[in-house]
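First, one chain by itself: the form predicted alone, in structure tokens.
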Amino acid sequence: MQIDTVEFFYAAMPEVTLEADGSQDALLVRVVSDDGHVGWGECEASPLTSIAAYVTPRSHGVCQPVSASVVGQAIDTPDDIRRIASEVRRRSMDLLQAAHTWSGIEIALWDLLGRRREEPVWRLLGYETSHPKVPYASMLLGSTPQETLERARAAREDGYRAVKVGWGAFGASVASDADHVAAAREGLGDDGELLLDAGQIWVDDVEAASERLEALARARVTWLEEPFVADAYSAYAALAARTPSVALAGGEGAHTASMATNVIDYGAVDYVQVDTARIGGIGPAADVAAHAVMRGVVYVNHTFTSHLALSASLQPYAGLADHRLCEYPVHPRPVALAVTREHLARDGNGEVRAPDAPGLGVDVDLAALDPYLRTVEILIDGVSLFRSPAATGNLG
């Protein structure tokens, strides 16, 4: 079996705001093999630049378009996916968007292979069981502490046992941050698990982050997520040494497996968060999960978009029974909800798990996406390098 075509579908809300909400647009990838099998993936990145990285003319030998390493390749086993990944990494070494573009393609290849073999992706990764995860309601802070309280309370009333708040107003001042954290704790209740996402607000300023630790400890926050930029490993380690009661989490900004393992090995995090749609796909994410197990660090998925992305993010650690937390977007925009026919609903215990169905176990719904699809054409000297495909068909 060979990769015949790779198609990109750019969808977006009619208005995209300045909120740190990645569910406002989407870039879906459809891969079709020469024998008619289909797989879907999603890139977590700027859609237009990711498309451009697939078709851009080469600049030199190791700055080639991602397409140069993909179309026509054999795809029969998971080893083929890793082999193609190595070719992308080498041929597109100087094309910085390549990892994001390849991530969606890589996910689609796992989906395609799983559907062809009639096996879920997590089983192709070597797991025997898809263990349940405890979803945490992932949401932005409110504009005021009262709004934050109300959002946390609503999530708890909806049955969530864990809530993560962040971005938005966080980082404005020590006092304001303390008020928001206290409000979130009040809304969630004493026995809920509270997580805080700083959204890289302090870059690498350990002192600024340290000023918030007392309030976080007082509110019994489980983790402080991404206080710094993704590769500020020494800053992570320095802050970790100051906070025995509040764990650090990081890794979602990693676009290689090494970046994620470095935040474990050198950043002293207790939780590593990986976005399959950024890091290079499901394979590298599974490698990080294995490294986390070896280092005694808890692996957590990162996702804030569609249920296609959610399913992909669950696959790398589906078989790890002791790695229980799962990011679960609570208020995705309509475009994100339209991506798939199926949604990964919570069960009677309030838990979710990677589907026990071929591939990623969810079907893309292009008909539902149609109102959100953007028409893109990339021209050079009047020659079309890319034109949006027709939105027909779903998985076959």
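The structure presented is a predicted model; accordingly, all values stated were derived computationally and were not measured. Counting begins at 1, following the sequence as shown.
The same protein also exists as the form predicted together with a further copy of the same chain; that form is not shown, yet it is the one meant from here on.
No residue of the trio Ile75, Thr129 and Ala367 has any heavy atom within 4.5 Å of a further copy of the same chain in the predicted complex.
In plain terms, the part of the chain that comes close to a further copy of the same chain in the predicted complex, with a heavy atom within 4.5 Å, is 54-62 out of 352-360, 337-345, 54-62, 29-37. Of the candidates Ser258, Ser176, Ser210, Gln146, Ser258 is the one whose heavy atoms come within 4.5 Å of a further copy of the same chain in the predicted complex; the others do not.
Arg278 belongs to the set of residues with a heavy atom inside 4.5 Å of a further copy of the same chain in the predicted complex. Within this chain, Val70 is remote from the site of a further copy of the same chain in the predicted complex, having no heavy atom within 4.5 Å.
Among residues of the shown chain, Val330 is not one whose heavy atoms approach a further copy of the same chain to within 4.5 Å in the predicted complex. Not displayed here, a further copy of the same chain is kept clear of Glu193 by more than 4.5 Å at the level of heavy atoms in the predicted complex. Along 228-245, a non-hydrogen atom within 4.5 Å of a further copy of the same chain in the predicted complex is carried by Val229, Asp231, Tyr233, Ser234, in order along the sequence.
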